[in-house]
Structures are given as structure tokens and as C-alpha cells.
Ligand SMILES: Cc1cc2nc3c(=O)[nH]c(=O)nc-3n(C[C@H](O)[C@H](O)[C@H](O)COP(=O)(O)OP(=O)(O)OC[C@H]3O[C@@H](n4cnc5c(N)ncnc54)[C@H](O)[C@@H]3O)c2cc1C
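Only one chain is shown below, in C-alpha cells, and it's the form predicted alone.
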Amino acid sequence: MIERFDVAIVGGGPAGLSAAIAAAEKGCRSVAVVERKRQWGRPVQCAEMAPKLLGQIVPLDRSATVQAVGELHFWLDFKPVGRLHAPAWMLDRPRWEAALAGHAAALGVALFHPATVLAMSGNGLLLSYGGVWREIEARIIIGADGPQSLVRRLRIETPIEFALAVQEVLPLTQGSEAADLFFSPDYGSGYGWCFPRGGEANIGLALPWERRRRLRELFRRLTDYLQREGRIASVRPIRRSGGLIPVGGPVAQTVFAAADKEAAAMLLAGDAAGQCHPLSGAGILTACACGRLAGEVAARAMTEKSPAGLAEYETAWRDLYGGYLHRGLKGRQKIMAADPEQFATVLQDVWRFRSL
């Protein structure tokens, strides 16, 4: 039996769940989310820090936050160089995503979780769900399925540019309300981080793809430094993760009209659309905001029976974040082109921190 929905969302991360909540709130009669992970938000493949503004875009209960962060501290070759006021939350990503999923379910969203998309064709999705094959159809499909998006690859052949990241949760010797960013000419446009989580910290390093072979070596150099300085109690990880970060800027097109009456229109949101800041790698806020826009536009297209209205999504999210992401891409390119002698000057110019 084929189950039919107005909107089907592939991917149950921040972008996908935000889209589902928005579509349901705006009156879409039937919305489905397909998420492959067995647990919402696990494994954690992000640094879990998000601006406090996030709570104005999607539900954010304080139980899903670990602590507040007030400042970013900048380091160049392990020497302090600057600070930046940056009010943010450290999230408990699995708890937060589970709460978003619960909110979506309470609005009537159908959650296929865990489920794997085996194939897509026309307006249909073939799923492996609950040990059996299930087929669903939708008028609109939103691809919010991450950096290696299946939905995007159906419509866009050009590969997108990635950075590769590794992260470990390590025990802190002392809590902190500041997050640290570590830079070096060795990292190119990448950087390391130490983001406090109470008695622990998310410590990671992201490097441009062409420098990925040095990732483990440079990451271990970072954790060894933090241990020598007495910042962390051990280099034995509590948890370990890694992943890809889209750093090439947004894809050229995020709205695709239905090819015929039997096909679905498609939208892209979040990492699937490259809506991730190319310089900082930050993507939670933009994913939620663009996901909400995608859900709202999809709901309006269905309730007003006007598929042509989906084009509003392309205009809306680019008006909101296009300039911000473009500036991030230019900043990343400047750092990549900087000579070692110019690196400190360029770093301050593009990150805009206050020098010490």
C-alpha cells in the first residue's frame, strides 16, 4: 500500500524537523519525515554550539542546553590573539533533536524513524522501515539529508566542496564560559576548537579537504597542547565523532519544479543546500531558519494549490542569508590565499575579533 503525503522531508536533523514543524503549523494536512539514524541526533556530528537567537526560530527548551557561552577566544599557533563577544548555547544535540521530533509528532507529522531511503523516483520514496519495504508518495519533497544529500544528487551533478572534521569529548580540569578557536597556517582555512560542556569539552579540528591527510596528526598536537597546559585531564576520549562540513557556499539552485504531473517538486535545505557558513562551519541556525522557510513555503503552495509559489523559497532564504554566506566564502578564500607572513592580519580581518 502506498501512503500519500502533501510534503515528505528526507532528513530529520535541524533543517528537516524545522521544515516539518513549520509546514504543520501553517496548515499542511499531511507531512512526513524520514530519518535514518536510530537515535535523534546521534552520533553527534557537530560542535553543538549555536547562537542564542536559535530559540527565536525553533523550540529550544533549557533542558536541551548544557551551558551558556559568552565569548570566543582566538589563538594563533597556541598564542592568544583576540576575543569576540558571542552569546551562545552549548546544546545537548540528541536531547534537542528528540524534543523537536516530539513537537513535530504532536502537530501530526508522521515520523518514519529509523528508516532508509532505498530509491527515489518521480514523486515516490521507497523506504526500508521496521524491517519491511514501505512506499510513500508526496507532492513536494524537501531534501534536508545532510552534506551527502541523496535528494540533491538527483538534481545537481556538480559535487560540493567539503572540509573534514574530527571531534572528541574530553574531560576539562575546570569549567569555562568561553569557547576557544585555534588557528595556524598549517590548518589553512580550517581551525580547531575547545567548546566547554560543564565538566567536559567538545574538542575538534576541521581542515580543508586537500589537507585531510594531516588531520589526525594536527588534532593530536592540539589535544596534547591542551593537556600540557592543564586544560584537559586526559586525552582518552569519552566519545569520538567526525564528519563532512560543506564549505563551498550554497548550491546554485534549491527549488526544482515538478517535471510533470506524476513527479514531485523538490526543495533543498540545510547542509544539503550548502547553507552552512563557509568560514566558521556554523550551520545549525541557518539550517533551522531555512528549514522553516522551506516548510512554510511548501505549506502555502499546498493550501493555495499553487506549485509556482515554491519559487518564493529561493528568494526568501537568499534575501535572509545570501550575503552572510557569500561574505563567509570570501573570507575563507582570503585565508586560503594568505602567505604565512600575512596570516595573522588576514585572520583578524575576516573573523573581526578584538585584538589583545
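Here the structure is a predicted model, which is why all the values come from computation and not from measurement. Note that residue numbering follows the sequence shown and begins at 1.
Not pictured, yet referred to below: the form predicted together with the ligand.
Colleague: Report whether the minimum heavy atom distance between P196 and the ligand in the predicted bound form is within 4.5 Å.
Modeller: Heavy-atom contact with the ligand at 4.5 Å: absent for P196.
Colleague: Answer yes if any heavy atom of L72 is within 4.5 Å of a heavy atom of the ligand in the predicted bound form; otherwise answer no.
Modeller: Outside the cut-off, so no.
Colleague: Taking any heavy atom pair closer than or equal to 4.5 Å as contact, tell me whether I284 reaches the ligand in the predicted bound form.
Modeller: It does: once the ligand is placed as it appears in the predicted bound form, I284 has a heavy atom within 4.5 Å of it.
Colleague: Just checking whether A15 would be counted as a contact of the ligand in the predicted bound form - the rule being heavy atoms within 4.5 angstroms.
Modeller: Flag for A15 set to yes.
Colleague: Which pick from P185, G248, P208, G243 sits with a heavy atom within 4.5 Å of the ligand in the predicted bound form?
Modeller: By the 4.5 Å criterion, the partner-contacting residue is G243.
Colleague: Among the candidate residues A179, A88, A201, A165, which is the single one with a non-hydrogen atom no more than 4.5 Å from the ligand in the predicted bound form?
Modeller: The residue from A179, A88, A201, A165 that makes the contact is A165.
Colleague: Among the candidate stretches 325 to 333, 22 to 30, 302 to 310, 43 to 51, which one is within 4.5 Å of the ligand in the predicted bound form when only heavy atoms are counted?
Modeller: Contact criterion met by 43 to 51 only.
Colleague: Using a 4.5 Å cut-off on heavy atoms, which residues of 3 to 38 contact the ligand in the predicted bound form?
Modeller: Sequence-ordered list: V10, G11, G12, G13, P14, A15, G16, V34, E35, R36, K37.
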